[in-house]
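Next up is one chain by itself, shown in structure tokens, the form predicted alone.
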């Protein structure tokens, strides 16, 4: 098990606007600039102590794909010629909006 800062957890929970919860590794979630700032103990956000990030703007289907992307990105961060991740065409616009919102 890796070392984590006091008051933080190796896993965090992301909650969608329709109540779906995704428990993912903190290191993967912090690919998002917004989530990283939310979890920063010096930022003053409650998420840094609760380890729960709620997103009233993102539904469960989109947040699930975002979580998949976080793990995909972390898995391939040092790789070359990484194959594109498959996204359903009907989710592309919502995923782009979520990526912009999350600073990913």
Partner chain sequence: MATRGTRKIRPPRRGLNNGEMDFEQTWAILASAFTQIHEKQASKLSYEELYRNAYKIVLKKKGDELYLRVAEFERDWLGSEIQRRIHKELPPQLMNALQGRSSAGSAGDNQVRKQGERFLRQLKLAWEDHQTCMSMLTDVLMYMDRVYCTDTRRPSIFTTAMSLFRDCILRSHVRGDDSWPDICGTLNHVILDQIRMERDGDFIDKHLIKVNVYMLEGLYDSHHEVEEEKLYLTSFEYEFLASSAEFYRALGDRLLKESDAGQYCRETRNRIDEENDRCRSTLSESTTPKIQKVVEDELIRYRMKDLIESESGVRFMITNERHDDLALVFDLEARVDPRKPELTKALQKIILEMGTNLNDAAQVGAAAEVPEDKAKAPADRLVNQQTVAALKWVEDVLELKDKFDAIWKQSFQSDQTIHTAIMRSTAEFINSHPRCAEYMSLFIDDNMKKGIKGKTELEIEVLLDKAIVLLRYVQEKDVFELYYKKHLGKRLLMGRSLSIDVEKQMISRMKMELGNNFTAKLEGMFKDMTLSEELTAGYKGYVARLGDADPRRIDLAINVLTSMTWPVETTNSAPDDARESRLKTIYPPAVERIRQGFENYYKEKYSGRMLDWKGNMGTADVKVTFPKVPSKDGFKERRHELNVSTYAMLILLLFNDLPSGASLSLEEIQARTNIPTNELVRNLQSLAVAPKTRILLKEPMSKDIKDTDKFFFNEGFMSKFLKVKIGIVSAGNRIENDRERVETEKKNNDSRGYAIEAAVVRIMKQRKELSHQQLVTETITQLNSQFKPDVNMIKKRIESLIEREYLERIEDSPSSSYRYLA
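Positions refer to the first chain, counted from 1. Computed from a prediction, not measured in an experiment: that's the story for all the values here.
Just so it is clear, the following notes concern the form predicted together with the partner chain, a form of the same protein that is not shown.
**Q** Decide yes or no: are 10, 20 and 24 jointly within 4.5 Å of the partner chain in the predicted complex, with each residue judged by its heavy atoms?
**A** Zero of three within 4.5 Å in the predicted complex.
**Q** Would residue 71 show up as a contact with the partner chain in the predicted complex if we use heavy atoms at 4.5 Å?
**A** Close contact is absent here: in the predicted complex, residue 71 is far from the partner chain, nothing within 4.5 Å, heavy atoms only.
**Q** Is there a heavy atom of residue 56 lying 4.5 Å or less from a heavy atom of the partner chain in the predicted complex?
**A** Residue 56: yes, in contact with the partner chain in the predicted complex.
**Q** Residue 61: heavy atom within 4.5 Å of the partner chain in the predicted complex?
**A** Result yes; residue 61 sits at the interface with the partner chain in the predicted complex.
**Q** Is there a non-hydrogen atom of residue 38 within 4.5 angstroms of a non-hydrogen atom of the partner chain in the predicted complex?
**A** Yes, residue 38 sits close enough to the partner chain in the predicted complex that at least one of its heavy atoms falls within 4.5 Å.
**Q** Residue by residue through 9-34, which ones have a non-hydrogen atom no more than 4.5 angstroms from the partner chain in the predicted complex?
**A** Contacting residues: 17, 33, 34.
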